[in-house]
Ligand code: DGL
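Okay, so here's just one chain, in structure tokens, the form predicted alone.
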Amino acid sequence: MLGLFDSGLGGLTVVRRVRSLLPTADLVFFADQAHVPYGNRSPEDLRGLLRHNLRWLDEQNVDAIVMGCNTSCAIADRYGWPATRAVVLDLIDSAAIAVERAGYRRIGVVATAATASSGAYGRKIRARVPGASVVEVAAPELVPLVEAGRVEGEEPRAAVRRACEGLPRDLDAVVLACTHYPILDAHFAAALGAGTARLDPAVVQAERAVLLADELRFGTGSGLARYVTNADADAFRANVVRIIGDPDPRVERLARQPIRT
């Protein structure tokens, strides 16, 4: 069984990619909406949340953890991954693979404040593409908009435009370095123009999940997907239906627990 987590709805964009390639794999996705957004939290908060969420997935007996949270991957890049029983697929590694494959050398990265300030994207992309130019900018307005369902109209369009104003104009590609951001992809397309590619790390993340499922032999199951939140289950269910397209998802509410360190 696959385990995934994110601070909120963004991780569903990774679930969507994974389920398209592994439709018979069983999976559980945890949305830590009681603590969203992650991007403005301290490193100590983020380390505690990462340990807590990985521990919870371990308790679900998952075979692998396919990360759906860039900010958590960035904090792990800085401080190391907590010990887990399951193998962990790092989302920022997948983004760097995507950049290398495409041959891009002038890269913009739009991310949460915590991810951008960590420099993790720049380090991992340059490790795979020596000499690459990487500019990382923070877009703290975007996650709250997605979580509130305000993804259409002038408000999110203007917020994306403001985020992109911090990027150089001569980029080959921009990485959408938060899994919430692909939900706003149409606004990024309008802000960046046709000459700049947009990279969603979830594409390569899902491909790597397929390889891992083959290696560990857990890709064939009942196709059961559990969606778990520690916030409003009814609102979460509506978003699962909208983003995943599952008309009758299995949604559970997890009581909010103190973060164990």
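Nothing here was measured: the structure is a model prediction, and the numbers come from that model. One-based numbering along the sequence shown.
Same protein, other form: the form predicted together with the ligand, not shown, and the subject of what follows.
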Exercise. Of these, 100 to 108, 69 to 77, 153 to 161, 122 to 130, which stretch puts a heavy atom within 4.5 angstroms of the ligand in the predicted complex?
Worked result: 69 to 77
Exercise. Which listed residue (Ala213, Ile65, Leu27, Val36) meets the criterion of a heavy atom within 4.5 Å of the ligand in the predicted complex?
Worked result: Val36
Exercise. Looking in the predicted complex, any heavy atom of Ser94 within 4.5 Å of the ligand?
Worked result: no
For this session: Report whether the minimum heavy atom distance between Val143 and the ligand in the predicted complex is within 4.5 Å.
Result: yes
For this session: Residue by residue through 178 to 214, tell me which have a non-hydrogen atom within 4.5 angstroms of the ligand in the predicted complex.
Result: Cys178, Thr179, His180
